[in-house]
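Below are two forms of the same protein chain, given as structure tokens: structure 1, then structure 2.
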Structure 1
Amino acid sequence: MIDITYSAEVAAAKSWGKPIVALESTIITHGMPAPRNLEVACAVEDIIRAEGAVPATIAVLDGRLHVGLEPAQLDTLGHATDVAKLSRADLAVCLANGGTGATTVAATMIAARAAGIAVFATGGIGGVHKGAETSFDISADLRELAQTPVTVVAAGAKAILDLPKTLEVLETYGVPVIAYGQDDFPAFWSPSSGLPAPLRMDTPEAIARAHLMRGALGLPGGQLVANPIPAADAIPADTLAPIIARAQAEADAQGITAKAVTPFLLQRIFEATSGQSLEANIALVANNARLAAGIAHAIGNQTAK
């Protein structure tokens, strides 16, 4: 097994059996501008602490896998430039080469499993990009959900994606897609995509039971818990649809592809909504952190019985 460096807080939580929630680090290095990136990262960690769990922000620093970052490390990462964006394909290379990188959903799931952490809170997962029938642009997050036993709490998949195809791929991979407290699959900035969710659960305890049952059955993979953004913070889907379409058309016209597509689209949407998309993103991440803490508590309580 890989040697993991734990923050003092996470090491103590593991020793005492306290619930832990994993957090990705690309939201710090690639997802938000400074200084909001650090403000949000610290606020999300504090939300998890307020819910009685321990946050574990995950990153690779100088070739070491860190599960939980000390305040100084978090600050350094928040001001760093040219940080690698790590997924399944490049995580091992970054570690082997002594590099520094921020973890995406897939890489965070891998690290969480290695650290024995069952629950991970993020904003939205990657998925099938529009036009994937010709570009084959499909996020590694989907296959990771099919093979790594971590429950991921997100506000659905990012709304810039082809959501029907994303759900189809998740179904093919046998990933449970659980809408929290509603029947519709949420669409990141909007509570509903207009698509029915395959499954619904209404309490953290029910989600925890399903997580543990998958382990008892020997099923590979995790669960996607699709937690809708609070209505007060949402942007209506019909407002976003033409903005996303214009941004996608611009990306196509400029030949922007592969890993460059998502940041380009998100920036264009930020500009077109006068920053409202960023504020909604921050609100949904905080909402997901609260639910993830509740699920982590419930898994711990049910495991102790």
Structure 2
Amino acid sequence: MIDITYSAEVAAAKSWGKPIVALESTIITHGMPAPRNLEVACAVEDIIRAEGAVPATIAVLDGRLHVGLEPAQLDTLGHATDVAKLSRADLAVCLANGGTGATTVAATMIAARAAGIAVFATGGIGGVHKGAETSFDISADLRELAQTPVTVVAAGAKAILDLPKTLEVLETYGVPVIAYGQDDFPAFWSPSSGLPAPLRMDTPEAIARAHLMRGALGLPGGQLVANPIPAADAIPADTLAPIIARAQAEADAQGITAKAVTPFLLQRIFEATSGQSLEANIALVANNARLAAGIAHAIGNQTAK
């Protein structure tokens, strides 16, 4: 088994059987601009603590897999500029080379499973990109959800992606896509994408039961819980559509491909919106962290002897 370095807080939580919520680090290094990225990372960790659970931010530092970062480590990552973006394909190579990298949804799921953590909170997942019929750009996050048994709480997916195709691929892979408390699949900055979600659940307890039921059935793979952004923090899709279209056109014109696509689009959108998109992003990650902590509590209660 992989040798994991736990933060003091996560190590204590593991020995006491306290609920733990995994957090990714690519959102910090490639998903939000400094210095707010670090403020958000710390605020999200504090929300999980306030809910009586323990946050485990995951990253590779100097060739070691860290599950839970000490404050100084989180600070270093938040200020670093040349950190690798690690997905399923890159994680082992980075560890073998003694490198440093931030984990995407896919790599965070792999690490969470290795650490025995069932629940993971983030903002948005990767998915099927617009134009995938020619580019073949489909995030490794989707296949990870099909094979690694972690419940991922996200606010749906950004409109930089082709949402109908993303839902089709998730269905093909047998991934439960569960809208929380509503019928529609949420679209990150908006509570609704206008597309119905395949499944709906209304309580953390029900989501926890379904997570445990998949394990009991011997099914590989996790669940995607799509938690709508609170209405007060939402941004109308009409406001963002032209900005996203322009970012996509720039990416195409500049020949951006592979793992550079998502960070490029996110960066352009942040530049083109005056802070509002970032505030909404922060609000929805906080909202997801709260729900993930509730699910982690419920899984703990339902498995307690």
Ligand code: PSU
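Between two forms, the rigid core is defined as the largest C-alpha subset superposing within 1.5 Å. Structure 1's sequence is the ruler for residue numbers, which start at 1. Model, not experiment: these values are computed from the prediction.
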Structure corresponding to the form predicted in complex with the named molecule: 2
Given a core-based superposition, decide whether the C-alpha of residue 242 shifts by 2 Å or more between structures 1 and 2. yes
If you line up the core, does residue 43 shift 2 angstroms or more at its C-alpha between structures 1 and 2? no
If we fit on the core, is the Cα of residue 261 displaced 2 Å or more between structures 1 and 2? yes
If the core is used for the superposition, what shift in Å does the C-alpha of residue 251 show between structures 1 and 2? 2.6
